[in-house]
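Encoded as structure tokens, the following chain is the form predicted alone, with no partner shown.
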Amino acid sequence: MTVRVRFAPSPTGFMHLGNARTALFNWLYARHMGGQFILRIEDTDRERHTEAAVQVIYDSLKWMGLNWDGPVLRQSERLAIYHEVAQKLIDEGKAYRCNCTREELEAKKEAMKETANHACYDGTCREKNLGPDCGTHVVRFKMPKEGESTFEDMIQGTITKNYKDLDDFIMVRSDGMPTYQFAVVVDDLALQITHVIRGADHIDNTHCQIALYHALGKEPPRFAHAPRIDGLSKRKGSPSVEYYREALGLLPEGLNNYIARLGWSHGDDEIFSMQELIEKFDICDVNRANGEFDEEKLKWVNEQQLRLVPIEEIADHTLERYEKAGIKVEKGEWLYKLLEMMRKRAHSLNEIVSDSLFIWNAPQTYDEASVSKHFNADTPALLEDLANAIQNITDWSETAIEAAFNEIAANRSLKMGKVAQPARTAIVGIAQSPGIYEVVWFVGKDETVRRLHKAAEFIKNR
């Protein structure tokens, strides 16, 4: 059997982190099993659906590297199919029309609450055999009324519920649009889905859907309900893929690695490449316990990935960020060398870019703490001597730059820090940066000399 799984989001907003993990679990299981990952857009909610939200889904999945197999299925293009299946079930006595008004339904629910601990539809129209001319109506599914519904969940184990606690759920709304409970089964059958991997909040839905599979004469797929992610609602900001990509500047490898570990583990291992995740991930290894979201841990995982992924990929992710900062830079050895220097210290892609802007932008002011610590009355002469030594370099290399610094330190009987820190403050604007020889090499000879002289004048005029 070829494993076929699907990710079926509703395009009503951002790609929430919980949805992203569901997509990742499905994709990893499909790739691990040599199967197929299908994308379905559940766009039948006319009030909340937007095409912009559909594009967010596409963009988020592509950024995460979760490529889907075959064309995208959209529920809004399948309305005639849902109506045909609903009519078949009505004809077979497995579904019925219900013309109870909203006010009547609310009154029934309130009455049931007084005699039971749940409020289900009381079946007023269940045996009326109403026709299509019964006025405004919905179509309900006839749930069994006796016995139990049981299924074996690949994560949660055996799950059982009494049929008397389950509703005759609505299949088709009064406006003709199918409900989630109905359309999901029709579509999963059409797509030949073998495994349904989704969040634990769908467990109760599963009993109704299994009953619908049986009513259609079909065997249901296997189900796996992943535990919730706790802590997302407690944080500020939007817990969406877009937020972590743009605002936090994460790598897709960083986000994927972290959310894969929210519910799944492989020994004590923390850091995985995407290929390692594919090789090691099995949905049966997902825990039942809820995952606890920790943004600091997410940032730490991203830092590890930042140092591991190929530098060409880092370049792909930073080009647009440099452009937004007003910097035009192209992929190539110069950029790769810059990114190698910056990623050793950075926590995110945003930090790589922001902390490297000193190469193009000379400091307009100097960090006061750095000035107090590293600038004094002797510093102007030191910076001017260093500027002259750098100006005389004929072979522009880090080795030659280091020799110039060593020369000044030796001539003045200073430790290297007493030369490097004033120079770093003069060139970058603050006494924290990558290695000073690398910094000077990237800034360039003429610009370095200019900045050293400018800082010397700044000190003299203080």
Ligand code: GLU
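All values reported here derive from a predicted model rather than from experimental measurement. Heads up: residue numbers just count along the shown sequence, starting at 1.
One more form of this protein, predicted in complex with the ligand, exists but is not displayed; see below.
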Problem - Candidate stretches 289 to 297, 92 to 100, 138 to 146, 196 to 204 - the one whose heavy atoms come within 4.5 Å of the ligand in the predicted bound form - result: 196 to 204
Exercise for the section: Check each of 171, 386, 184, 314 and return the one that places a heavy atom within 4.5 angstroms of the ligand in the predicted bound form. Expected result: 184
Completion exercise
Interface check vs the ligand in the predicted bound form: of 336, 180, 366, 213, the one with a heavy atom inside 4.5 Å is 180
Exercise for the section: Consider residue 402 of the chain shown here, and say whether it contacts the ligand in the predicted bound form, taking contact as heavy atoms within 4.5 Å. Expected result: no
Handout entry: 4.5 Å heavy atom contact, residue 8 to the ligand in the predicted bound form
Key = yes
Problem - Contact flag, residue 42 vs the ligand in the predicted bound form, heavy atom cut 4.5 Å - result: yes
